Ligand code: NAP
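As structure tokens, one chain now follows by itself in the form predicted on its own.
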């Protein structure tokens, strides 16, 4: 097997990388690695996933947030043993499959956390369709569509639900929606099953800003975006015995 390391640029991460290079008994190469070890926080992890989507990922938490990182500074030796003996467990993570359309181009990409769409500094007006059936005309700052894993990221700050990843679902949350006698939207997070397809469209071409995880797009002639869930695209390795509840507690409820 081949492996690669994607590391945050700080002293602690550099020391961990040095240790791993000395003790992992696999071929170290950036070309089509089977395993990618990510040293840092969730931002570093998400960036690595977009670089090497077909690899198996192991995360060491040295950043501010570490929901994806299943190893810590105290368990580095365990991770080295897991890698050398392939004794880790693998969880298949669902992602959002996104198709963005403008007058000039079509962009196909994926999001492991979320996709957002806004139109600063004006009010965004979007028709929200589910399975080609209109739900509402949204007016406000924007919308955030997140995966189950991404439900603990930006979605959580929008008071969206934290979703157990074993549920094959994704979620729409409003970003400062406008609700009055004139404008009316659902005004609450909406959890959708794996079979649903969401289409966001403007009535006439608009200038919008979209984010796909850490990536951003400034689209001047936006027409629509189609989002659906793609099951089991990313492989996340973790030590035997770790649970969803433990991930939630260590990220948000550590005493």
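Positions refer to the first chain, counted from 1. Keep in mind that this is a model prediction, so the values were computed, not measured.
There is another form of this protein, the form predicted together with the ligand, and it is not shown here; the text below is about that form.
- Though the partner is left out of this view, residue 171 does not reach within 4.5 Å of the ligand in the predicted bound form, counting heavy atoms only.
- The ligand is not drawn, but in the predicted bound form it has no heavy atom within 4.5 Å of residue 138.
- Although the partner is absent here, residue 67 sits close enough that one of its heavy atoms falls within 4.5 Å of the ligand in the predicted bound form.
- Using a 4.5 angstroms limit between non-hydrogen atoms, residue 43 touches the ligand in the predicted bound form.
- Just one of 105, 123, 157, 87 comes within 4.5 Å of the ligand in the predicted bound form, counting any heavy atom, and that one is 157.
- Of the candidate stretches 113-121, 74-82, 130-138, 92-100, only 113-121 has residues with heavy atoms within 4.5 Å of the ligand in the predicted bound form.
- If you take 193-222 and check each residue for a heavy atom within 4.5 Å of the ligand in the predicted bound form, you get 213, 214, in sequence order.
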